[in-house]
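Let's start with one chain on its own, the form predicted alone, as structure tokens.
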């Protein structure tokens, strides 16, 4: 594992509640796989506090590491929200096996809200490397304005013909003329959007209750457990 001290270089507001934090890499040999996570240490109340975050950056984005977080009321989250460029941090990693398969190239990504972060890392990596994956992705958010990385996901989808992205809105306020899916991702929706679901490996990422629900829907289709990868984002239920 690597470890180095760094500082915030940029904070990007993705949505009213979600921010991306960027840290320059100040060490040699810092490598990670898209989908992995790392440990971040910051000062909270004058003391060191540690939390783990999925990389939302891709290894193809050189010189820095990013993670993306929904700002909540926790002390750690509030300390993050107050961070400005130049604020100290320590990073250590990488950890995790929620990573792209080398052989199985037909995938299904299911996610909601902040669960997009490891999948964004994967999608950016696949697009930058022009890798031959075939991906169908269902991404559930309450509203159109709540979709983090919305413009980038649209750009990747437009430039990568083997990626099909289906945005699903579960809140009451829909954009005028919205023709996309609504409600929560269900088994029936999976059958409709991913008719070849039996041939795909599933990657499920989001808050714990969402991950449990989606995994249940997938297994209900007869998909074996070994074809389901999961990444739960604790603290968001």
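Numbering follows the first chain given and starts at 1. Because the structure is a prediction, the values reported are computed rather than measured.
Beyond the structure shown, there is the form predicted in complex with a small molecule, which is absent from this document and is the topic of what follows.
By the 4.5 Å heavy atom rule, the three marked residues 53, 68 and 76 all count as contacting the small molecule in the model of the complex. Not displayed here, the small molecule is kept clear of residue 122 by more than 4.5 Å at the level of heavy atoms in the model of the complex. Contact between residue 37 and the small molecule in the model of the complex is found at the 4.5 Å heavy atom cutoff. In the model of the complex, at least one heavy atom of residue 72 sits within 4.5 Å of the small molecule. In the model of the complex, residue 232 approaches the small molecule with a heavy atom inside 4.5 Å.
Annotated contact segment (heavy atom within 4.5 Å of the small molecule in the model of the complex): 114-122, selected among 99-107, 114-122, 131-139, 150-158.
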